[in-house]
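Consider the single chain below, provided in structure tokens and representing the form predicted on its own.
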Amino acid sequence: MNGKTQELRDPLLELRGIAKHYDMGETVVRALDGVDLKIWEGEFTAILGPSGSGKSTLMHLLGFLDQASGGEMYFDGENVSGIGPNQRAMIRADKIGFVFQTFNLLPRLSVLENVLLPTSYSRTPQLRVRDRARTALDRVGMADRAGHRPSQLSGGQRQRVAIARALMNEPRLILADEPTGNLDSTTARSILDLFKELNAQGGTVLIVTHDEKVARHTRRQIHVLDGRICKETTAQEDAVP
């Protein structure tokens, strides 16, 4: 998607002058300080920065896990700056699929049962939900492991299950926090290739990472430092070796 096409419609997510401050006694920590950012539907983007740069705080705001201290935030053209915790929880449940570094799979549940977790309170008939879960597992190449426990899987397989779980509610945004941090380089590349496939199918994928090699697999890299966006690069500038 080129810039001209993007500007014809609202971004999926937009931040305007976003700030996040923490009071630490007599000190105020400015985790984010005047961030302007647009994330367009269908993008494959990385938020890149070292520890303490503000990238994790930015991820929490983009994932509706926290609320900004100041500025405005828009989701699909709607101002969501002042929404409460219940509304944020609804957006997380319905619109965002999370993938974490530590997989966050429940060890006593099977692969299929873990993937079904986001639909625990769904009113959709169970047979239809299970069909959807099997389809999600098939998309990530794990359909034949549906009856296994997480302990019976490799790290890469567990991350694929976590991605299948993130797909269950057909999210508008897949938000991945250091998704290759616990994987060897070969497995990490296979997970990044999977994110590329999901993006090619129309998914919006946002990866938060400190690793420049991981970020270079995305089309656009947003560099964060000292609570601000310091630069942006693209796949053309930072080609994957």
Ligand SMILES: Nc1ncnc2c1ncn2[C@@H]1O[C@H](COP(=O)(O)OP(=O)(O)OP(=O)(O)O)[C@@H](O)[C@H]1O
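All values derive from a computational prediction rather than experimental measurement. Residues carry their position along the shown sequence, with the first being 1.
This next part talks about the form predicted together with this ligand, which is not shown.
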item: Contact residue in the predicted bound form, chosen from 67, 56, 182, 187 - any heavy atom within 4.5 Å of this ligand; value: 56
item: Candidate stretches 35-43, 193-201, 48-56, 212-220 - the one whose heavy atoms come within 4.5 Å of this ligand in the predicted bound form; value: 48-56
item: Interface membership of residue 31, this ligand in the predicted bound form, 4.5 Å heavy atom rule; value: yes
item: Residues in 9-26 with any heavy atom within 4.5 Å of this ligand in the predicted bound form; value: 22, 24
